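Taking the form predicted alone, here's one chain by itself in structure tokens.
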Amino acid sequence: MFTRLSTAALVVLLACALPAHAQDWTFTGGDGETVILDARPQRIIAHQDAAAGLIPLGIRPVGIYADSAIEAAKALEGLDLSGIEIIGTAWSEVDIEKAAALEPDLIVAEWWDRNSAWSGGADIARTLSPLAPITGVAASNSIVGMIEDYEALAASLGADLDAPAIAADKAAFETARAAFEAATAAKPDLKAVAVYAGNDAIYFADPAGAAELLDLQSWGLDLITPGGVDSAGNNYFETVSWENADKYPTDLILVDNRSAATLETALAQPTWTLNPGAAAGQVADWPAFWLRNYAAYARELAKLTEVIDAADASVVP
């Protein structure tokens, strides 16, 4: 049995009543709602990003729904998925019969304030919510903060956060972050921009909409904030025609690496090299929206640091 209460309602309930015994498990999700269960959940279905946050912490879901084919899901790269049922491999789609057969106690996703929806889309939330309550962390202004939120969730689910593997992953990340900060400090004039390349247009990312970009900014990378982000529509990017690919000239371009096809699309555009960074070949991976654990973050930071160390910070006229 489960009950879902708003935070305000939960406070009133606890203030006005003295229950005979405390509930065995509660968690307040990124949407502000508190889920109360009679026992700690054991059978969890997770969105791919939530799974990427939980598996390295020792919490293995019984099922995962992904936004793409599993082999293309960047968040799940390098994770052991053996024994986990895959119940969805496309955005906003899930096999409800497979999901029901797993008899889940809990659905774990991520709450995205800019969309006011759980990861995977509102349709999936409506489909899965009759099976079990939905909760999870919020997509925030820092991947490090999100990882810490996953640690809190995992601990509530029974994870041992003192496990040697977890400590090793965090240490590797701290080393990678220190190297990244040293690289950016050595090149304070290096200007960068993050983009997604489409066949129809180039999309300049708003760092405020991407937790990993905000992290990189806080660690010294000078990232351009585009001026034409449409808060009423695509509120993560400014859409610019390929004819104006040099609208934001920079020394370094970070390209969304959720698919290798994105960089291939950019390189195929005749106007790609109008941007000085592209002309100089100073292009790096942007781990866009998918980092959820220290091991993956350490790997991506090391790649970025190598590019920054080799970059010329004066290619913009």
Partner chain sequence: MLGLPGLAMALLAVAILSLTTGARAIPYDMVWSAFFSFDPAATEHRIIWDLRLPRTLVGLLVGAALGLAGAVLQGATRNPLADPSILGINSGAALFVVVGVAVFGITQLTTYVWLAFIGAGAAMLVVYSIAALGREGATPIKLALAGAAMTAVMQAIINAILLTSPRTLDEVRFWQVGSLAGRSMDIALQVSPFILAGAALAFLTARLLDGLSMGEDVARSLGQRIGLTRGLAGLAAVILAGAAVSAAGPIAFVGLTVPHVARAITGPSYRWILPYSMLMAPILLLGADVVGRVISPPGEVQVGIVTAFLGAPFFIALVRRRKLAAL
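These numbers come from a predicted model, not from an experiment. Numbering follows the first chain given and starts at 1.
Keep in mind that the form predicted in complex with its partner chain is missing from the display, and what follows is about it.
**Q** Name the stretch, out of 161-169, 143-151, 242-250, 113-121, where some heavy atom lies within 4.5 Å of its partner chain in the model of the complex.
**A** Answer to the contact question: 242-250.
**Q** Counting only non-hydrogen atoms and a 4.5 angstroms cut-off, does residue 271 reach its partner chain in the model of the complex?
**A** Heavy-atom contact with its partner chain at 4.5 Å: present for residue 271.
**Q** Test of understanding: in the model of the complex, would residue 80 fall inside 4.5 Å of its partner chain by heavy atoms?
**A** Contact with its partner chain, no.
**Q** Using 4.5 Å between non-hydrogen atoms, is residue 199 touching its partner chain in the model of the complex?
**A** Contact with its partner chain, yes.
**Q** Would residue 219 show up as a contact with its partner chain in the model of the complex if we use heavy atoms at 4.5 Å?
**A** Looking in the model of the complex, residue contacts with its partner chain do not include residue 219, since no heavy atom lies within 4.5 Å.
**Q** Select from the listed residues 173, 236, 180, 203 the one whose heavy atoms reach within 4.5 Å of its partner chain in the model of the complex.
**A** Flagged contact: 203.
**Q** Would you check whether its partner chain, in the model of the complex, lies within 4.5 angstroms of a non-hydrogen atom from each of 34, 101 and 103?
**A** Spot residues vs its partner chain: no contact at all.
**Q** Heavy atoms within 4.5 Å of its partner chain in the model of the complex is the criterion; list the residues of 140-167 that meet it.
**A** If the 4.5 Å heavy-atom criterion is applied to its partner chain in the model of the complex, 140-167 yields nothing.
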